[in-house]
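Quick setup: one chain, the form predicted alone, written in structure tokens, and binding and motion questions come after.
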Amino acid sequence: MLCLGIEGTAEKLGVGIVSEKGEILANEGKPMPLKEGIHPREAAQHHAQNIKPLIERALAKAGVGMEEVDLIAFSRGPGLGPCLRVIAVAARTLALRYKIPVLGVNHCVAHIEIGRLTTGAEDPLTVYASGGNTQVTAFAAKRYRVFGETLDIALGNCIDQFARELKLGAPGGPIVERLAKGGSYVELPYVVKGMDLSYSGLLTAAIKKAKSASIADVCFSLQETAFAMLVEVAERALAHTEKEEVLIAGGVTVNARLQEMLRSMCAEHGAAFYAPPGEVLGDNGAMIAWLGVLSYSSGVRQRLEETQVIQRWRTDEVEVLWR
């Protein structure tokens, strides 16, 4: 079975083709160029203009035609409404034209499953950090349970907003990471509430601190504080769940310093640390295709009228039938 997956929850558009054996035959992407933040309508327009040539590129890379594709999967949510609707229409159109089954799948669960596929992690605690999501999850009782998450903005959103406010450029993550290498620590608020964390106050304080401290120092301190908060929550979740593996997921986790902190925490607890390849850490089509394969193989079916997008679709609302 071959599944074509379409990802487009935010500014990144991706198309992947994956076999039932987990072979990634194609994983093509077309991110929207960013000057500042993401405007949902502009991102949706970008997806609409680029989806057809990107599908053609993925098919060519895989060396297959649409008549050889057995399943269409797309990101049903969570994400930006206009973007989700564009890729949902594209997926339904392909399904109708080629008489292929279609499935809308959960974006966050897809991150976890592509990580498990590419690293060999079996039952990990997952630290998922991206522009729109920050969660610590683990599998229990047929669902990925959330053991800690942001109460307001996501980690990636915090860093991107900081970079945008200071006119450092976009996307903010790589820029802040580079500037942080020459910095020293200045005090910023550290907000962990039980098993959850909050980044909005940290963002406000970092922007204010940039008026009196060097940019390098504030970037260093923002990273150290934000990452330490997430690692603390992950460490307690690891102790509580008694998992023996930690898996990272999401575009923010490509950050070398965050990986270093998580790897050190794992070493202290005797847990294995798994980092997927960079091309599948961020949003991509292959993760959607692979979750489509897993879902369909475990008996999940959707009629066309059941494929409406779900803009706020929580990770722990998805029943995990394939495990």
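Numbering starts at 1 and runs along the sequence shown. Just so it is clear, the structure is predicted and the values come from calculations on it, not from any experiment.
From this point on, the text means the form predicted together with adenosine monophosphate, which you will not see here.
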**Message:** Heavy atoms within 4.5 Å of adenosine monophosphate in the predicted bound form: which stretch in 230-238, 77-85, 193-201, 243-251 meets that?
**Reply:** 243-251
**Request:** Please check if residue 173 has a heavy atom lying within 4.5 Å of any heavy atom of adenosine monophosphate in the predicted bound form.
**Result:** yes
**Message:** Contact with adenosine monophosphate in the predicted bound form for residue 276, defined as at least one heavy atom pair within 4.5 Å: yes or no?
**Reply:** no
**Request:** Examine residue 130 and determine whether its closest non-hydrogen atom to adenosine monophosphate in the predicted bound form is within 4.5 angstroms.
**Result:** yes
**Prompt:** Does residue 177 reach adenosine monophosphate in the predicted bound form if we count a contact as any heavy atom within 4.5 Å?
**Reply:** yes
**Prompt:** Out of 124, 156, 115, 104, which one falls within 4.5 Å of adenosine monophosphate in the predicted bound form, going by heavy atoms?
**Reply:** 156
**Item:** Residues from 1-16 in contact with adenosine monophosphate (non-hydrogen atom within 4.5 Å) in the predicted bound form
**Value:** 12
